[in-house]
Every structure is written in C-alpha cells, then in structure tokens.
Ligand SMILES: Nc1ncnc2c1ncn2[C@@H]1O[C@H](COP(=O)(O)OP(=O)(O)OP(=O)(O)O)[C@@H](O)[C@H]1O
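Shown below, as structure tokens, is a lone chain in the form predicted alone; questions about how it binds or moves come after it.
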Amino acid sequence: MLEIHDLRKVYESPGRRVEAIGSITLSVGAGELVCVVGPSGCGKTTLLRCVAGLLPVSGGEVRVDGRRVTGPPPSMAVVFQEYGRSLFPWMTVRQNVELPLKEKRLPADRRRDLVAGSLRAVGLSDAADAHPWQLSGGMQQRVAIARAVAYEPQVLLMDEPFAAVDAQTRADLEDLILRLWRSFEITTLFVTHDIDEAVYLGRRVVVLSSSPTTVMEDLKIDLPAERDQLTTRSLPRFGELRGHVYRQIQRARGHSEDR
C-alpha cells in the first residue's frame, strides 16, 4: 500500500547544503501498522512530510497504492503532534471532524454518518457540540484522530501524536489507536521518539540512523497480536525487544558523535 524507494532529501540555501535523508527504502503492506524510531534530529518528521507530499523529495519516490506521490494524496490522512494547531477553535468538534469531508464533497447524510461513527469510535459522541478549547489535550487529540478516521484514508500517517500529553493519557491513546487499527484496518505509519510505544504498537519497528538518514534495521515485533498495557509490557520478550531497539539507537548516536 505504501512504498518508499530510495527517498532522499537535501536542504539547500546560499552557502549551505544539508543532507537530511541519505536514502530510505521501506514498504508498509495494506492494513499494517509500522512504527519508526531513531535518534533525535535524525529526520523522522522530514521523512513523514515527504511521504505526505508536504515536502518535495530530492530523489527517489513515494507510492501509495501504486500511484506516485507528487503532492498531498487524497487517500492519505495525517495526525500531527501539535493537535491544538490543527483544530479550529471557533468550530465545534463535529464541525472540525466534518470539514475535510466537505472538501471531498460528500453528501450531507454521508458526512453525518461518518462524523457520528468516528466520534463514537474515539469515545467523544457526547462532546460533538463542544469547542476544542473546552476539552483537555488528550480529548483534543482524539478529535484530530476522529477527523482522520472519518476521512476514510487508505494510509494514515502519525507524527509523534502523543508526545504532548501526560503518561496516563498517552497509554489510553495508544490503546485507542490499536482498537481503531483493528476495527478499520488502516495502513498506518507511526513516527515516535518513544521506544516503548513503538514496540507496544508496531507489528514492525523501523530504526533510522542519524542524519543523513538511512534504515538501520526493519525489526519484526513478535509479540502476541492482542496487547494491553499491563500484560504486554510485562512480557520478557517486550523487554528484550525494547532493549534491542534502544541499543540500535545508541549505536546510531555513537556513529553521529564519531563524525
């Protein structure tokens, strides 16, 4: 469903050239949830913005369902870390979720059904007429997730979506993502700086090197399909996988410091 082949990104300005992404090749199968981790500043967000068609690539290509990405694909939705900036404070929750559906020019009854279904899926049916500024940070991020789900994307990109919420809210949102992923089977690429989160959510974890970024490892997460915060994180295998990914990132950081 999502193919990234030899993707490269160079930032150039007068007297300065920064090679952010050296070469990244990876794929995400239909209905798969893949997490991406790497050292701070390695270009995770740059990668996601290139995949979303928000940044032009310097080389290589991205394809969604076989079609080359040259701008934001109509079949893709993105959830950013800065949920507050992505919601319109003067609109109600319902109106925020419905807005992209109007851009798709869906009939009013279809829009109502999609909005109601997505708000129900994220547990916000009772907040449909509230405004974002009346909600907690975690609830605002649920609105952003509901908007993405209502859009019925083939591919969902998530850029460190839970980095700005507290630990308990983060755990709740992680479990929400797993429930939605199982229910809607959306192909998902999830970028995070949190190793535990990546191992808990992902069916694969892609470990990136320091900049100029390449793929260090594409690791299969062989944990049980059904996961919960207490049981899964207590498994010896969870600790082994977490430790392995941590060592890879430390290794990448060491290589960066050597340069």
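Sequential numbering from 1, following the sequence displayed. Everything numeric in this text was worked out from a predicted model, so none of it was measured.
The next section is about a form of this same protein that is not shown, the form predicted together with the ligand.
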Answer among 25-33, 44-52, 64-72, 215-223 for heavy atoms within 4.5 Å of the ligand in the model of the complex: the stretch 44-52
Decide whether residue 11 counts as a contact residue for the ligand in the model of the complex under a heavy atom distance cut-off of 4.5 Å.
yes
Does the ligand come within 4.5 Å of any heavy atom of residue 174 in the model of the complex?
no
In the model of the complex, does residue 98 have a heavy atom within 4.5 Å of the ligand?
no
Is it the case that residue 234, even though its partner is missing from this view, gets within 4.5 Å of the ligand in the model of the complex, heavy atoms only?
no
Using the arrangement in the model of the complex, list in sequence order the residues of 164-182 with any heavy atom within 4.5 angstroms of the ligand.
none
